[in-house]
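To begin, one chain is listed below as structure tokens, in the form predicted alone.
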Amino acid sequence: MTSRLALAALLAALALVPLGISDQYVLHIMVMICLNVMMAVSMWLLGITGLISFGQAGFMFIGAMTTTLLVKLGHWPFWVSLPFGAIAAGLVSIPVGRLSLRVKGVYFFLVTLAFGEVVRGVFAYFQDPFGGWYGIRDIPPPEPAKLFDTLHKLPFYYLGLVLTLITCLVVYRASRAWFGMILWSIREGDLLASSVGVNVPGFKLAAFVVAAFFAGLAGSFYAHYFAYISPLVFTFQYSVSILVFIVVGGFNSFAGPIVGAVVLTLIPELFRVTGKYQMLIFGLILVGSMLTMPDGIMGAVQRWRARRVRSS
């Protein structure tokens, strides 16, 4: 009951607090937190099978490009094209997953990394209709355009918050249901899981597709928020950043990727005033957190709670 009240209070704060914020830059940071949480949570679902994909940025790019072309060239309404971006990423992930899941370990990393680079390469090579390396600009905002004005971030924040809550709800329920229990068992030992009748390749593929689906959804939102997409945006480095969010937040808890995404989105902004030393300070904090909290922030919180229980 207490946890439900805390969750309700948190949701109320997320919904009401932005109404009192007039600084558009602060609202922009909150939108970026929504995007990063969506990506981190989607990768975490795949990660509980023991797999880490470096192709998440590629699926995000597919979602962004799909909705962009549907809206800009096909003149589809944003609200209709939005789910198609996620669906397109999910459909592309099926053959990619079937191929990449044939290998394990570092080979899986390399295959998914290659996929992300191939996506960037294809979109960069064709000037028409993908815009080449320059990308596509002036992507229309969601309807009504008067409400979703690029100079006013509050409507985008609420849209991002809704999409983030949907992503978190689906992934959380999936991870806590029988589907998630099977994924955790595969992580502990896929041969053991297979020996008791679990269709290991099938469940890994399902997790891969769901992760790609929500990455595509995040990409669709990204495209219409920034009104610009380019192969220079959806890079391998962004996929690595998403993995860092999960590691710093803590892998063994659903809250881990959320906390990691929030903290590591805020820290660079807090040290922006340091100028050229911004990334140096961020790197030192990142290394320090990994050395002092090897299980992530949530792992440290769980250990602190355990010590309090023992001491009491």
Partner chain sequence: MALLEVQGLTKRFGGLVAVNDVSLSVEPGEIRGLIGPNGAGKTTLFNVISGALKPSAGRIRFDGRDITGVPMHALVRRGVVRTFQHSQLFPGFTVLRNVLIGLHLHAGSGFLEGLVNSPATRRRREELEDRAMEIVRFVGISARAHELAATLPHGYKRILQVAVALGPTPRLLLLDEPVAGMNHEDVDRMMDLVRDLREKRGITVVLVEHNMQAVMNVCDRITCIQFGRKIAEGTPEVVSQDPTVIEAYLGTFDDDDGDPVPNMDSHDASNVDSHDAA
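Positions refer to the first chain, counted from 1. If you're wondering where the values come from, they're calculated on a predicted model, not measured in any experiment.
The same protein also has a form predicted in complex with its partner chain, omitted here; what follows describes it.
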Any chance all of Ile87, Pro95 and Asp128 sit within 4.5 Å of its partner chain in the model of the complex, going by non-hydrogen atoms? no
May I ask you to state whether Arg173 is within 4.5 Å of its partner chain in the model of the complex, using heavy atom distances? yes
is_contact(Gln237, its partner chain) in the model of the complex, heavy atom dist at most 4.5 Å: no
With a cut-off of 4.5 Å between heavy atoms, is Val196 one of the residues that contacts its partner chain in the model of the complex? yes
Do Met181 and its partner chain share at least one heavy atom pair within 4.5 Å in the model of the complex? yes
Single option in Pro77, Pro140, Pro155, Gly189 placed near its partner chain in the model of the complex, where near means a heavy atom within 4.5 Å: Gly189
Leu163, Val210, Val233, Ile136: which sits within 4.5 Å of its partner chain in the model of the complex by any heavy atom? Val210
Among 216-224, 67-75, 155-163, 202-210, the region lying within 4.5 Å of its partner chain in the model of the complex by heavy atom distance: 202-210
Across 94-115, which residues bring a heavy atom to within 4.5 Å of its partner chain in the model of the complex? none
